[in-house]
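First, one chain by itself in structure tokens, the form predicted alone.
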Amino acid sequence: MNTKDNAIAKQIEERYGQYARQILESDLPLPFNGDGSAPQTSQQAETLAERLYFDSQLVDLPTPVVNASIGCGNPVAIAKLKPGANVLDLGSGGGIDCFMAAKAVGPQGYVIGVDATPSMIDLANKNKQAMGLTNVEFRLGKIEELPVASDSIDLVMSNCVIDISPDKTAVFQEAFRVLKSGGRMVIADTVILGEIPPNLKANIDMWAGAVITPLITLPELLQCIVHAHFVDIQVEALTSYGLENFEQLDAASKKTLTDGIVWKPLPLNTGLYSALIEARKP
């Protein structure tokens, strides 16, 4: 990474580190607000997890694991995990996707979570210990420079983390490197669709907590995957964040999105989306 990217990575680590430390110190649900700021209510935290995952995925997970969820999708749902598989989670956070994968691959399989924030690693290990799991490991490291051997992973997954990386091309190149031939990548990531005026784009970045590393468009993200030599790239699902339904948003969201601009309804299929994407290493 260059000096600018290192500075961005440090800011991201500080932001997510604050969030993880809050959970470690309180054991309370603290939905991530993009800036690591004030927690919300237990019901709101549960609603976030329930929106992302099926009840059957959450049923065996302790409350602190569910509370730490800050993803934007459900990559495990389309991962097609098999017993004995080796899985890698990019930006594993509190570990929720790793724990779901560990259950699917069984004792003969193995799951590695990589996160650049020390307090997130601490949080994930605390959750792991509480669950008594032995087929999950959490490693401190950058997803642009993975501490994982080449050609050793059957499935790479990630849940709303690549969008905050300052070097997305490097992330996908590293994912490609660690995958075995025929291995798959499944990610959920936040993207922009359509042409959005720059001033509105800046407000959306702020609203989505993406001020440090502004969001990119879906075609731009797909191009990064193509450049890393993945094949069979498919967008499995697109879920809107609801900006087209502006009047239904809460007052704080409306204030952020309209700051300094005159709000106009977004064109059809334009706005902020969670994309669920699958690809394969030849």
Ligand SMILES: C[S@@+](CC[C@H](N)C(=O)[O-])C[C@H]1O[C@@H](n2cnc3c(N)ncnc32)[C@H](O)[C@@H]1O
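Please read all numbers here as calculations on a predicted model, not as lab measurements. The first residue of the sequence shown is number 1, and the count goes up from there.
As for the form predicted together with the ligand, it is not shown, yet the points below apply to it.
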Counting non-hydrogen atoms within 4.5 angstroms of the ligand in the model of the complex, say which of 116, 193, 202, 104 makes the cut. 116
Interface check vs the ligand in the model of the complex: of 85, 206, 160, 148, the one with a heavy atom inside 4.5 Å is 160
Among 172 to 180, 193 to 201, 134 to 142, 76 to 84, which stretch has residues with heavy atoms no more than 4.5 Å from the ligand in the model of the complex? 134 to 142
With the partner left out here, check for me: in the model of the complex, does some heavy atom of residue 156 sit within 4.5 Å of the ligand? no
Wondering, does residue 49 line up within 4.5 Å of the ligand in the model of the complex on heavy atoms? no
Tell me, yes or no, whether residue 221 is in contact with the ligand in the model of the complex, where a contact means a heavy atom of each within 4.5 Å. no
Going by a heavy atom distance of 4.5 Å, is residue 225 a contact of the ligand in the model of the complex? no
Would you mind checking 65 to 88 for residues with a heavy atom within 4.5 Å of the ligand in the model of the complex? 68, 69, 70, 71
